[in-house]
Each structure stands twice: as structure tokens, then as C-alpha cells.
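Next up: just one chain, as C-alpha cells, the form predicted on its own.
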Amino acid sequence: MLKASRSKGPWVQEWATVVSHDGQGDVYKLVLRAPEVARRAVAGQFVEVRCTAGRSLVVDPLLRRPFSICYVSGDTVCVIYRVVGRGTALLSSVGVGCEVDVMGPLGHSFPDPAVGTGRLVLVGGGLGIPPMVMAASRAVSVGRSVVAVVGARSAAYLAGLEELRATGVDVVVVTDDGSAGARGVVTGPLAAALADGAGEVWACGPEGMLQAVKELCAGAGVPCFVSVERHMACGFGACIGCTVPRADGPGYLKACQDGPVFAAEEVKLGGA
């Protein structure tokens, strides 16, 4: 198990300035100037963002929203999110130049890409694609051979695809309806990559997808790390609202504190 090579450092709370905020359909790309978060962030970690702007004492909605870090550039941090409820709808209206309250970076990262060997395969599904952007950048920066396999229901749900392509890694795209890339699911290209001698797999996406990835990697004897999607309301383990069942016995792990990245064999996924 390689979980010891994951990183988790001290987080900070800072007022971040909105540098850009653009939406296409219900998917938004938010870039924040957050120097301290940017300086500490490692691929696979996340931030907690208050959904309203300004330093008002009125806090509504009360809970922050967790977002995977898509990439860091200088003193800025990018997240890509989908509007799914009241909190993200409010956040989508926050304009350039506004300040938002951010906590991060939180959680355990993916492993240091310089530690692993062989070709690294990144697997992202839907909103599990954005965290693969920083993962790809970091792996490329240490000379690791990387291929990314990404999938979604349709082209409209391939959040972060262009940002991933901009890292320069090979990207294989599949969609359920064939509206982008090949028609199919990520397990097809992943099986081919494993047969071709992949050395390690990192994955993020819906839990059913993660379970399928875990099973393929276990069958091939290839180390696999999964970033689980949970609503991490507090971000530091107090609310116990993001638990994941342990694979090695009774009890649970906290996605925000013990994860969100786990060695695949640590956790039960998809009801398995």
C-alpha cells in the first residue's frame, strides 16, 4: 500500500478575490486569488468556499461548499463546479473583484508522482475530471509518463476537459451517448491501458465508476488510488457527514480528513 506517500499539510482560511468566473450551461469555472492556499495545495486536495461574497456577519447559507482544486497558477486557485442547489446558485452570481471566504487546502492528496513507477493512468468521470488537471500537471513536471481517460454521460458533462488537454498529456474521451470521443465508458480504455503495462492508476468520479476501476486494477495487480465524492460540509472531520465504509472491517473513514484520496483497497465503494 502506498498511502504513506500522500500529502496532507496545514490548511488556512483566507479572503480570496475573484479573478474570473465564467459559466457554460450549469458548469462554472471560478479562479480565485488565494496566495496561501495556492502555495500549499497538492493535487487531489480540495477547498471549502462560502457561497456568498463579502465580509458580512450574515452567514446564509451556513455551510460552505467543497470543491476539488482543478489547478494552481501562481497565486491563483481554480475550481470547476456545477450548479446543483441553492448554495452553488448563489456562488454562480459572485462577480469578478468580489471577495469570498475560502478554507484550504484540505484533505489528503494523491501520492507524489515522483515516487511511483511506470505509466500513470488518470481516470476522471464528470466532475471527477477537474482534479485530474493538477494531477496531470504535477506528474508531467517530474517527467512521469501520463495518459488520461475521461468520460461522462454526454459532451456537456465533460467538465475541465480543455484544461486537462492543456497540460499536454494524452487524453482519451468516452461518452455514454457518443457525443464526444468514442461511445462507451472509461473501463474500456482503462482495461486497454492496464493490458499495455500501466504502472499506477488514480481515479475520481461517481462511486460506481470507482468500484469498476478498483476491480480492474486489482485484477491486473496495479496500484490504484481513488478520490471519493462526498458532501464534506465542514472539511475537517467535525460533522461526520462524509464517511466511507472501511474495507478491512467494521467502521468508517472520514472523506475530508482521511481522504478524499484513498488507496482503493482501504475503502468499500458502490455498495460492494
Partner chain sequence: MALDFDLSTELCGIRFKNPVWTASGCFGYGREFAPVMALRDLGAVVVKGTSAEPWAGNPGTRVTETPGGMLNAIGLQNPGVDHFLRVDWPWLQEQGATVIVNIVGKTVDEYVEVARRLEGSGVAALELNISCPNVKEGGLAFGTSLAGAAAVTAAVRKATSLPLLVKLSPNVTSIVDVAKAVEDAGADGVTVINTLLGMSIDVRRRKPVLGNTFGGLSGPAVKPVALRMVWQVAGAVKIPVVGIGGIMTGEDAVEFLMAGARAVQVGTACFVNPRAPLDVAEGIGAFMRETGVGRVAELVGAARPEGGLGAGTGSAVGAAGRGAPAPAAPGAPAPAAPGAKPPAPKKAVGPMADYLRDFLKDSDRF
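Positions refer to the first chain, counted from 1. Since the model is a prediction, treat every value here as computed from it, not as a measurement.
Not on display, but discussed next: the form predicted together with its partner chain.
The candidate spot formed by G188, M209 and K268 is out of contact with its partner chain in the model of the complex: none of the three has a heavy atom within 4.5 Å. Stretch-level contact analysis of 87-95, 120-128, 197-205, 158-166 against its partner chain in the model of the complex, using heavy atoms and a 4.5 Å limit, identifies 87-95. Taking non-hydrogen atoms only, A220 never approaches its partner chain to within 4.5 angstroms in the model of the complex. Interface residue remark: M103 is counted as part of the site for its partner chain in the model of the complex, having a heavy atom within 4.5 Å.
Although the partner is absent here, R39 lies well away from its partner chain in the model of the complex, with no heavy atom inside 4.5 Å. Heavy atoms of H21 never reach within 4.5 Å of its partner chain in the model of the complex, leaving it off the interface.
Residues H231, M232, A233, C234, F236, G237, A238, C239, I240 are the ones in 203-240 with at least one heavy atom within 4.5 Å of its partner chain in the model of the complex, listed in sequence order.
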